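What follows is a single chain, given as structure tokens, in the form predicted alone.
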Amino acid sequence: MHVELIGIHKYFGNVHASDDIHMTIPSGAIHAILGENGAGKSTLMKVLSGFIQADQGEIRLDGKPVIIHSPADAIHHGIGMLHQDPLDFPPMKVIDNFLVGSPGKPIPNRKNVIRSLEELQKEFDFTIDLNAYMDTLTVGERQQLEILRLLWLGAQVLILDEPTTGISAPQKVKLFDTLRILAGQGKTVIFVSHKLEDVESLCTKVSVLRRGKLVGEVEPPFDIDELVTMMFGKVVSLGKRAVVEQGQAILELKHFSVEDYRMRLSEVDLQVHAGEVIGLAGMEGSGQLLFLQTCAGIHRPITGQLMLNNQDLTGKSYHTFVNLGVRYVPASRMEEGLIPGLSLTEHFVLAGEQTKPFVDWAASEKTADERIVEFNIHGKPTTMVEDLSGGNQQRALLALLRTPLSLILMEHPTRGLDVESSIYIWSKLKERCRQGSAILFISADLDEILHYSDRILVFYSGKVSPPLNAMETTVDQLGQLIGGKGWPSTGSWQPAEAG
């Protein structure tokens, strides 16, 4: 399907989120929409997919003007959007999720639907168990199910918003293979991303947005430095590794074991020091999340000891951990980290220490102003958190953390963020390290783990490696360990040589 966006304008108050966008995307293309956080990528795609309506401009499909009032309208016209966080119902089974919102009869023919789904799975070599519950699937499998749903509903244009965030390397290969098959069938794929390496390896053309404007379009071969300059208006680099002097032991695990209904982590021994950053690497569901949440007091170990600043916190409540300077920052910012419907000022009130019976709103707004400036949040004290971009939501989460803290535990601290926002987030985290905090974090980005960690723990099927020196470990070695290669059965532990 041939897609044309003609003179698209969209305002949110004084913010001109889409500023006279003209774009043409032909059938069979894998077209990238690239830009920094807040550049207007999601706004433009929400206009195309019916979640919001443009204030001015026109959409044409195969040369015909269309008006799209809603996502249902969009799918009726053959346009479907796969969001960064799959829209499904975790307590339900796969097949029941597939049936939700299905068109036609109030009670769809279950056998026919299963047959259609199995045929689609076979076409793309997917192997999703239709009777499994959604919360047992990986992010990649949930993504596959959403692609199948959109195709089943007749989508000819598929919009994917940051689809490689939070999925493993093999799942990304599978996703890219699927998108190439779809493009080969004449479908139009719009790939919204900030990851230059993904765009370079997959896409047939790139449109770059900056501050709501289309600043240029590029065809292969892509010049990465040129794309970065178009995105940010300047050259951006990671810079040198920041080394922080380490202090006394903050966290100590002795013969530490923990389990949930899926797996058990056994006999982990670890010391984490003030100023140290430890990265947790592994495929999703390998045990790193269970480990991180136990260090936060959300889960309790079944054996062993957990010491924080020489205090035994084994079996203590989450609130005890919080009161002793431990903070947990989840990956799902809006579901677990922030509260939709509340402003930035209200969040700072809730996160602050209240010493008076009533809230001093004038002082609270002043605090919000100061934090917004300090953490470079693109918003106002009255801005609702759901109206912030992903990068600004992450900055807000960091701004809410009190000082000082002993231990900061983070899931995917730069998930969905552009290069510049990621560098900024880590500059603030390294400030925390210089103040004496220790940091443990999960990331699916191996380059991020290697660049920002002092030591690395690798998780594979419930096994935990001894700490690896990040400066002496390569991406290849890390990738092999994550995939289950190089783990010794007995004797001393040493990662396999790359190659």
Partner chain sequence: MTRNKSRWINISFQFAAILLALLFTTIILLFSGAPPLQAYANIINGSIGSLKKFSDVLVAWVPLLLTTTGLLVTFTAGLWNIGIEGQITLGAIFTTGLLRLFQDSGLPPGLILILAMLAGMLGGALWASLAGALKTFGGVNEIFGGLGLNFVATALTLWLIFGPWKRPGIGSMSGTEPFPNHLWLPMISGTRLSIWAVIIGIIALAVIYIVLRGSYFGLRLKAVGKNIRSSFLIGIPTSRYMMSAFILCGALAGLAGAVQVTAVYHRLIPSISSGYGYLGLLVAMLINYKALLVIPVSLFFAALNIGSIQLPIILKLDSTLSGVLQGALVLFFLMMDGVRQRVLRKAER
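Residue numbers count along the first chain shown, from 1. All values derive from a computational prediction rather than experimental measurement.
The form predicted in complex with the partner chain exists for this protein as well; it is not shown, and the discussion that follows is about that form.
- Just one listed stretch, out of 206 to 214, 178 to 186, 321 to 329, 128 to 136, contacts the partner chain in the model of the complex at the 4.5 Å heavy atom level, and that stretch is 321 to 329.
- Residue contact check for Tyr261: none of its heavy atoms lie within 4.5 Å of the partner chain in the model of the complex.
- Shown alone here, Pro413 lies farther than 4.5 Å from the partner chain in the model of the complex, counting heavy atoms only.
- Shown alone here, Gln293 lies within 4.5 Å of the partner chain in the model of the complex, counting heavy atoms only.
- Shown alone here, Pro357 lies within 4.5 Å of the partner chain in the model of the complex, counting heavy atoms only.
- Residue in contact with the partner chain in the model of the complex (any heavy atom within 4.5 Å), chosen from Ala72, Ile423, Ile339, Ala249: Ile339.
- Among Leu350, Val173, Val243, Ala362, the residue placing a heavy atom within 4.5 Å of the partner chain in the model of the complex is Leu350.
- Contact with the partner chain in the model of the complex holds for all three of Ile298, Glu335 and Leu400, each having a heavy atom within 4.5 Å.
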